[in-house]
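In the block that follows, a single chain appears as structure tokens, in the form predicted alone.
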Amino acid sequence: MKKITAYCRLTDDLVILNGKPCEISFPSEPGPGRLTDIYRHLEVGYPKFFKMDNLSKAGFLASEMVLRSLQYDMETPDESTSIVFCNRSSSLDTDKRFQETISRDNYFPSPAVFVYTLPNIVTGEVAIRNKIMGETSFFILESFDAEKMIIFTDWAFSSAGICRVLCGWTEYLDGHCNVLVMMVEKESDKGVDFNKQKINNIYRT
């Protein structure tokens, strides 16, 4: 039976790992600075983090916490795990920043910002960091939808050799963070059932 074996919830005010609030001191006001606060609290030691856009940072941090809690081996290539994320605003947070560079710099857009004007870059960042070799996907939905998340995850499990899916909702727009990342295992006797009610309960935490 499919189980959620670990999850992380990030919002403007909350950092919850497997149902328990994380005690993190936030020197910064809500917004991008909060993501840096979390990064420093975790002592990740991954300098590329500072080059990422806000969407990638948020998805990266939630994934980091989930995988750490599972003692995931980040050094060995893993072909048995896939990543499936979704959100509502795509990469709009970065798209706006990119448009600003065009307007501000006389039509000389920033290549460093342009790199992140696709929402699936976050799945790539997580996969690279953790050597996850399974397929990665990113879907755009009108709103958080647990039923569709189950469909997307089941689709990922249909690929040969996939026994785990890192899935969730990674939304970041205009300084507001709304992220839920879950590790779903195809066969596990630990965790909570992967169903619509459980997903919604975790999301509403």
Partner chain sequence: MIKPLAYNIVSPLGFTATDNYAAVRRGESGVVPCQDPVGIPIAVSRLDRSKLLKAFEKKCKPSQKHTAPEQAMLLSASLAVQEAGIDASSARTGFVLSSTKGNIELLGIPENDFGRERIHLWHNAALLSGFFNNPNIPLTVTNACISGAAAQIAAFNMLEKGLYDHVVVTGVDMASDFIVAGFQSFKSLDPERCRPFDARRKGLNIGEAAATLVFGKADGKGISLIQGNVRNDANHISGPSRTGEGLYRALCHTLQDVPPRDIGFISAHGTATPFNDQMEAIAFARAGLDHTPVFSLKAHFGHTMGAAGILESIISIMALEEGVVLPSMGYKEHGVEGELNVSTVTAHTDKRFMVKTLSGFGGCNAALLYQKHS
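Everything quoted here is computed from the prediction, not taken from an experiment. Positions refer to the first chain, counted from 1.
Below: the form predicted in complex with its partner chain, not depicted.
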As a check of understanding, the residue in V44, L70, L141, C163 with any heavy atom within 4.5 Å of its partner chain in the predicted complex should be identified as L141
To test your reading of this chain, name the stretch in 58 to 66, 132 to 140, 22 to 30, 176 to 184 whose heavy atoms come within 4.5 Å of its partner chain in the predicted complex. 132 to 140
Considering non-hydrogen atoms and a 4.5 Å limit, does its partner chain approach F49 in the predicted complex? no
Whether D37 contacts its partner chain in the predicted complex should be assessed with a 4.5 Å heavy atom distance threshold; does it? no
Is there any non-hydrogen atom of M74 lying within 4.5 Å of its partner chain in the predicted complex? no
For the stretch 111 to 136, I need every residue with any heavy atom inside 4.5 Å of its partner chain in the predicted complex, listed N to C. P111, F114, V115, Y116, T117, L118, P119, N120, I121, G124, E125, A127, I128, K131, I132, M133, G134, E135, T136
